[in-house]
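Just one chain follows, in the form predicted alone, and it is written as structure tokens.
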Amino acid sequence: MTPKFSLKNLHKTFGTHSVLRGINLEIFPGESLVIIGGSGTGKSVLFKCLLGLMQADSGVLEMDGKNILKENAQENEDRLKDIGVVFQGSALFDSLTVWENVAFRLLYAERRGRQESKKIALQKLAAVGLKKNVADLYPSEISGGMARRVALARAIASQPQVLFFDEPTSGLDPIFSSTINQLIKKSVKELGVTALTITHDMTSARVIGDRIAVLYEGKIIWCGPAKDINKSDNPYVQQFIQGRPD
């Protein structure tokens, strides 16, 4: 099976600071992979490289067998049409209503009519458990947990093949976090998409991930089924999953 994403000896350096130091990783179609690691380990940089928002310095980074590092601006734009992203903190547009946020790509990239776009937006809002009366509210009028649902609805509105989640439960209380985790798991399964999540939340990682990869000092130091991470004999992995200070 051709991996959806294949990373081979991927490097990224800023000045004299090496962030990604030879990443090797494969993500397969239809699986949910979670990348965990502490602050400053390179999760966000890797995320941006996968999206094409940042260019890796060297190595191979492929999606569906095509090297992302060699694509031009138009090829990158075309590839991103197959990817939906739930950004950290939801990143909703304050000046747009909820339904306009959900339909943003439909309205402004695909140039669909407002009536058709709103119909699709309402369907996606329903899919994430939100009622019609939310559609005409503004982001400032809904809770943080509801905003995450709206962000997920926006990510799935254009029927993507891939979903990226950037710290999806950051800043949420345990109850809302659990709700969002289950919603992500349900959405990924029902849509049959490939999912990539970066997080430092071990509870999220165990719920969302089929596999977990651990990023430390710019390298993947462990990768395997989520159920097996407790068996890792790597001391940093054990420190991270147990939350030990040393």
Partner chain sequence: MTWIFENLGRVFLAFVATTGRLFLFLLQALNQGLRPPYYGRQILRQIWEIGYLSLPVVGLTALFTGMVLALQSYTGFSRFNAENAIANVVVLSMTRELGPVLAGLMVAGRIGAAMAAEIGTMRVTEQIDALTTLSTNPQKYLIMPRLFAGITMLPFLVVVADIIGIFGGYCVSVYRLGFNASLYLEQTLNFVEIQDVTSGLIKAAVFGFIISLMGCYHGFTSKGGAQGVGKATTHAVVSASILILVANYILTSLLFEQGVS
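Since we're looking at a predicted model, the values are computed, not measured. Residue numbers count along the first chain shown, from 1.
Note that the form predicted in complex with the partner chain isn't included here; everything after this is about it.
With a 4.5 Å cutoff on heavy atoms, Ala109 counts as touching the partner chain in the predicted bound form. The shortest heavy atom separation between Ser170 and the partner chain in the predicted bound form exceeds 4.5 Å. At the 4.5 Å threshold, heavy atoms of Glu71 stay clear of the partner chain in the predicted bound form, well away from it.
Using a 4.5 angstroms limit between non-hydrogen atoms, Leu137 is distant from the partner chain in the predicted bound form. Contact here is defined as any heavy atom lying within 4.5 Å of the partner chain in the predicted bound form, and by that definition not a single one of Lys119, Ser177 and Leu191 is a contact residue. Across the options 191 to 199, 204 to 212, 44 to 52, 22 to 30, residues that bring heavy atoms within 4.5 Å of the partner chain in the predicted bound form belong to 44 to 52. Along 80 to 99, a non-hydrogen atom within 4.5 Å of the partner chain in the predicted bound form is carried by Leu80, Lys81, Ile83, Val85, Phe87, Gln88, Gly89, Ala91, Leu92, Phe93, Asp94, Ser95, Leu96, in order along the sequence.
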